[in-house]
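Considered here are two forms of the same protein chain, supplied as structure tokens in two stand-alone entries, structure 1 and structure 2.
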Structure 1
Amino acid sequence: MLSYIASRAQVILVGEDASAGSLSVVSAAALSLAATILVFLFLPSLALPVLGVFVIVTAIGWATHQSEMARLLTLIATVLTVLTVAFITYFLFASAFPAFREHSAGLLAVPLDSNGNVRWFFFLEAVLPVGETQAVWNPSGGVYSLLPAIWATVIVTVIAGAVAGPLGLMGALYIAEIASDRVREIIKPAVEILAGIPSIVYGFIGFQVLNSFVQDAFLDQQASFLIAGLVVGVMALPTVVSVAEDAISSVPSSMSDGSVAMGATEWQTMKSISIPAAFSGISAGVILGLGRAIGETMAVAAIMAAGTGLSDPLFDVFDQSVTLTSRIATSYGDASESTVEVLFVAGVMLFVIVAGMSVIAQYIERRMKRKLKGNA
């Protein structure tokens, strides 16, 4: 058993066709790196010298057994990448855990209205706990309900999806099927550049221009979900366009050629062949776009940072409230320790939801690719 483990470890470390003598130097390097990580975790001030040892050992190994060392270094890079994911998950949950334990379901408390009755929230007050006051976020009073932030995230995401979904699908259709090669060469990078505009720039435009526009055009004294949702929709648009365009382009040309050969027009081919065949890919694009909309921070924080409570009535798109992301960004700076723990709960929610959406989207995409290859 022990020898089996040892031989497996050897294969993992140096591969199957290692040269003699490489094992010692490779394991020395691996051990010193493991030591570096451990020291960084528990005694961070000493991490640098230990890292120096690793560098020296690696340099020696590079000079003597280059190919094994290269393999080890790429292996280390992989392990570190996986460790990053693991650390992010672990530290988020670990930092949020005290708040979970202390407040448990109170983090989702439904507030009272001005008459002292429970606010209507989809009849969920049967399941969710009920807060004691109208306030939902009052760190000094120990009231931490994330419910308004979650609801705000939902509204913003729905508006963003209503903007980005249809427009994104049409944009993808245009790029994939209608545009000529030359136009495509211009418009595709243009969409990519749209994705590249930093969110803080959108936020600044929203903060400086759109808010006053809302006050004139929508008789609204403050920022609103509507504007935040529209801006986030524009920001999510490129994601939807590029993923959906990939999906439509990956429909084998034999399928659409067959349709055209039967005498169908281009639009009939798109409507009846390309879009149905790429439907799952398009929905993956929409899911990823919604994921971006949920995780969008700075634009939302810049446009509506002042709201605090649950919007009243619930579907009032002219109200404002912080979302999960902007709650973190705006409250973190001057937050007490217990508040920070609650903010980590918000982070965990975002992380789980968005990562889950990404995994679902990937699953859908993979299934579609398999199907289109004909071995579903």
Structure 2
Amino acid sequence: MLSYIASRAQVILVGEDASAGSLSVVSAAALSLAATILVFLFLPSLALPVLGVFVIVTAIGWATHQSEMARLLTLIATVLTVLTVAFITYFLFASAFPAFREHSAGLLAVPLDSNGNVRWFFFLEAVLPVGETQAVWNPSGGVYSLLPAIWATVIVTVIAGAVAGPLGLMGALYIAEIASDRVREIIKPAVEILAGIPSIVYGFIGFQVLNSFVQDAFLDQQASFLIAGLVVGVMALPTVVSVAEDAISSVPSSMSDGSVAMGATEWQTMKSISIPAAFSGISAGVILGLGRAIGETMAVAAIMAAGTGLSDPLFDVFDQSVTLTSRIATSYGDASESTVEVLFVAGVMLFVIVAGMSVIAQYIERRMKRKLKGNA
């Protein structure tokens, strides 16, 4: 049994056709890394010298057995990535558990209206607790309800999806089906550059430009869900365009050529062939874009950070409130321990939602690839 484990460990570290002496060097690098991690956890003051030993051993191994050392480094990178995600997940849920235990369903309390009556909220007030006061976010009074922040997140995400979905699809169609090679080489990198602009810059531009326009056009004197949704929708565009364009480009050219041969126009081909064939990939792009919209913080916080209750009426896009992300960003600085625990609950909600959307998007994309290969 031990010999089998040792042989499997050797295969994992250096492969089946390793060169002579590579196992010793790779093992030394792996042991020095493990020692670095242990020293960092228990004796941080000695971590730097031990890390230096790992760097030296790795450099010697790279010079003498580059292939095996590259295999070890890629394995280390993968393991550390998985461990990092696992530790973050554990810390997030462990930090939020006390708030779950203390407040339970009170974290979703439905606020009262100005007359002290129960607000209508999709009949959920029949199963959710009712807030004691109109303001359901009062840390000094121990009242924490994330329902208004959840609802604000939903409104902003819906508006962002209404912006990023159609515009992203049309942009992907133009890049993949209409634009010439030269134009495509210019437009696609330009669209992807949008993802590199800091979110706080988007928020500042949205507040200064769009807010002034809304005030003049609609006589509304406050930042609103509409402005935040428009800005976040623009921020989600690069993701939607990139994934949707890849999906449309993956459609076999024989399908569109056959449509043209039957006398269909370019638009009819895109509408009846390209979009249906790549629909799974397009859907995945929209979902990933909405995932970014849900997790956006600084742009929303820069545009609107006022208000703690539900919009009145609920569908008023010109009202404002904090989203889950902006609630965390604007509250943690001077928050008490109990408030921080509730903010971790908001983080757990965002984590679960975005992770779920990413899994769904990956599933849809894999299904699209199987469908295009004829394995559906």
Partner chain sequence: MSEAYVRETTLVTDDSDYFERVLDGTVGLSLVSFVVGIAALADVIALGATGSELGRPLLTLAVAAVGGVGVVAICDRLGLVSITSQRATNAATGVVVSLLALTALAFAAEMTLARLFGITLLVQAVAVVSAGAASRFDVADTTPDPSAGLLAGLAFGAIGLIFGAAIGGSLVGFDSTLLAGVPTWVVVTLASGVGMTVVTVLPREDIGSTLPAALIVGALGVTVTTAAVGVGWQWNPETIDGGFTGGVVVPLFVLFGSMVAGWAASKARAGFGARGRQLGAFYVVNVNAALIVTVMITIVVFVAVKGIGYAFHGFAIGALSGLVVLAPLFVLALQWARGPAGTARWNSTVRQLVRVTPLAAVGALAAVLLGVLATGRTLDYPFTYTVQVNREPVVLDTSLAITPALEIGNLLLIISGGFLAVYFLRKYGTLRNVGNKSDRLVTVRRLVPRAIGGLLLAGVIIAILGRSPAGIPLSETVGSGLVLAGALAAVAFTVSPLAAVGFGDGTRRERAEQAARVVSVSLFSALGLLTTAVLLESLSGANPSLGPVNIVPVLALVATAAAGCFALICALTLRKTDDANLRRILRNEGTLGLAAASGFVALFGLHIALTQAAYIAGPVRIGLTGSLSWPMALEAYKPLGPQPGGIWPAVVGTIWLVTGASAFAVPLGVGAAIFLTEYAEQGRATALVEIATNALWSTPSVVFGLFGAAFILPRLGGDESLLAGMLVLGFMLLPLVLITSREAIKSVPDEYRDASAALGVSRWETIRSVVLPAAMPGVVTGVILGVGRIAGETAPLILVLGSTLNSTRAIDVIGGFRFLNQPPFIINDALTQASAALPTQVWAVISAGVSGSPSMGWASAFLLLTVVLGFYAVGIVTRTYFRRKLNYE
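Quick note, the numbers are simply positions in structure 1, starting from 1. On a predicted model such as this, the values are computed, not experimentally measured, just so you know. For clarity, a rigid core is taken as the largest C-alpha set superposing within 1.5 Å between two forms.
Choose the one of the two that is the form predicted alone. Between the two, the form predicted alone is shown as structure 2, not structure 1.
Among 80, 355, 258, 105, which sits at the hinge of the chain's rigid-body turn between structure 1 and structure 2? Looking at 80, 355, 258, 105, only one falls at a hinge: 80.
Treating the chain as two rigid parts, how far in degrees does the smaller one rotate relative to the larger between structure 1 and structure 2? So the smaller part swings through 20 degrees relative to the larger one.
Fit the two forms on their core, then tell me the C-alpha shift of residue 64 between structure 1 and structure 2 in angstrom. A shift of 8.8 Å at the C-alpha.
For residue 27, give the CA shift between structure 1 and structure 2 in Å, the superposition being done on the rigid core. A shift of 6.0 Å at the C-alpha.
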